[in-house]
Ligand code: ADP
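Only one chain comes next, encoded as structure tokens, the form predicted on its own.
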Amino acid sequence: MPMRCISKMSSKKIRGRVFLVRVDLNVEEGSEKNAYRVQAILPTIVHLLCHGGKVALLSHRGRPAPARGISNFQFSISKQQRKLSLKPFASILSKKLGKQVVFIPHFDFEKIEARIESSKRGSVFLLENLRFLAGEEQDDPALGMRLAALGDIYVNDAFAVSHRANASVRAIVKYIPSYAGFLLEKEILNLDRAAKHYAHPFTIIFGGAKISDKIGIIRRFQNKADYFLLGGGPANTFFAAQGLPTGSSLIDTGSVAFAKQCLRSKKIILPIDAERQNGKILDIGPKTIDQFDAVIKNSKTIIWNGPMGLFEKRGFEEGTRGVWNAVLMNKKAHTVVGGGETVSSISLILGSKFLISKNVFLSTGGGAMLEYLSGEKLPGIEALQK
């Protein structure tokens, strides 16, 4: 069943309405200004503002404990929680949008509603971290209803959290007309194209820490994909399954049995050399980079999730840089790259810019991307299809 999308909404239905837009500002401290997730939500916001709407942005950041005194809407935030406040994004978004974004630091819903209602068309508000509210992660219907009362139309533009049954993702949809934003719509279109309308050779690249969250994709595509290129923790786990020495390398011990089942598959391509430090595997080696490059440059469909090694540390970034070079040089393949670390690692090639060719789609989802490609149903997507 298709989603309801604001891209199909007429200007008349936008003008004068208050849009509650769920976005994903779950960005680490210090990375806010150049975060791809911030850049990715702008088209939806600009579209609504240009057609005379008001926008109230809803998001979370990190996993804070609910703030004290929240039942009375007056709460104190600890020093640790302050790092997870969404306040820094108000000035960042103001500069990117070219207009003031008003930050609301409390959850007195009556005051919030009155302030939004009395504002002019084209106004933008940013609410505080929703996870300061105990009911957010519990998908509390009461919180969903209170949030819904702040606006006229709800827009989910946060694919990265759409696999979470949270109040601002699922419960809210029961009480207000709801639609997918431009980003969410693009995510689904690109992931569906890669998963359902792929061309051969079809290559899936996995790195990062664990393989357990990628098992569903390997099972779903084991008879469809042509190659699985493994680096990082997934590769180490396969080495352990082979009985090879891995020292203190990152291994997903709970997935070793699964890896043993896959060892006979000729589609699984493991590193043939590695970069180590104190016996710990921290990156794929130069021969493996060349091996992966040969596969990637001939691929017609590519899905990539997870860097090849500890790319943040000097001397162990070449594997991830090599895969990026191969991916960006292939102008013919439909390519989807996802996962927070994977997308941020593009800085190895392009600095803080995200200017890439149209055949490469950067997904804002990590866990959501993996779950969707595994064939699982995402609560945030299902809610927009009913």
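The first residue of the sequence shown is number 1, and the count goes up from there. Keep in mind it's a predicted model, so treat the numbers as computed, not measured.
Not on display, but discussed next: the form predicted together with the named molecule.
Enquirer: Of the residues 292, 198, 311, 132, which one places a heavy atom within 4.5 Å of the named molecule in the predicted complex?
Expert: Here the answer is residue option 311.
Enquirer: With the named molecule left out of view, which of 335, 44, 342, 59 would have a heavy atom within 4.5 Å of it in the predicted complex?
Expert: Looking at 335, 44, 342, 59 one by one, just 342 meets the 4.5 Å heavy-atom criterion.
Enquirer: Residue-level question: is residue 181 within 4.5 Å of the named molecule in the predicted complex, judged on heavy atoms?
Expert: Answer no; every heavy atom of residue 181 is more than 4.5 Å from the named molecule in the predicted complex.
Enquirer: So in the predicted complex, does any heavy atom of residue 116 sit within 4.5 Å of the named molecule?
Expert: No, no contact at 4.5 Å.
Enquirer: For residue 209, is any heavy atom within 4.5 Å of the named molecule in the predicted complex, or not?
Expert: Flag for residue 209 set to yes.
Enquirer: Should residue 306 be classed as touching the named molecule in the predicted complex when contacts are defined as heavy atoms within 4.5 Å?
Expert: Yes, contact at 4.5 Å.
Enquirer: The named molecule isn't shown here, but in the predicted complex, which of 141-149, 184-192, 98-106, 311-319 has heavy atoms within 4.5 Å of it?
Expert: Stretch with heavy atoms near the partner: 311-319.
Enquirer: Enumerate the residues of 205-240 that have a non-hydrogen atom within 4.5 Å of the named molecule in the predicted complex, in sequence order, or give none.
Expert: Contacts from 205-240: 208, 209, 210, 214, 232, 233, 236.
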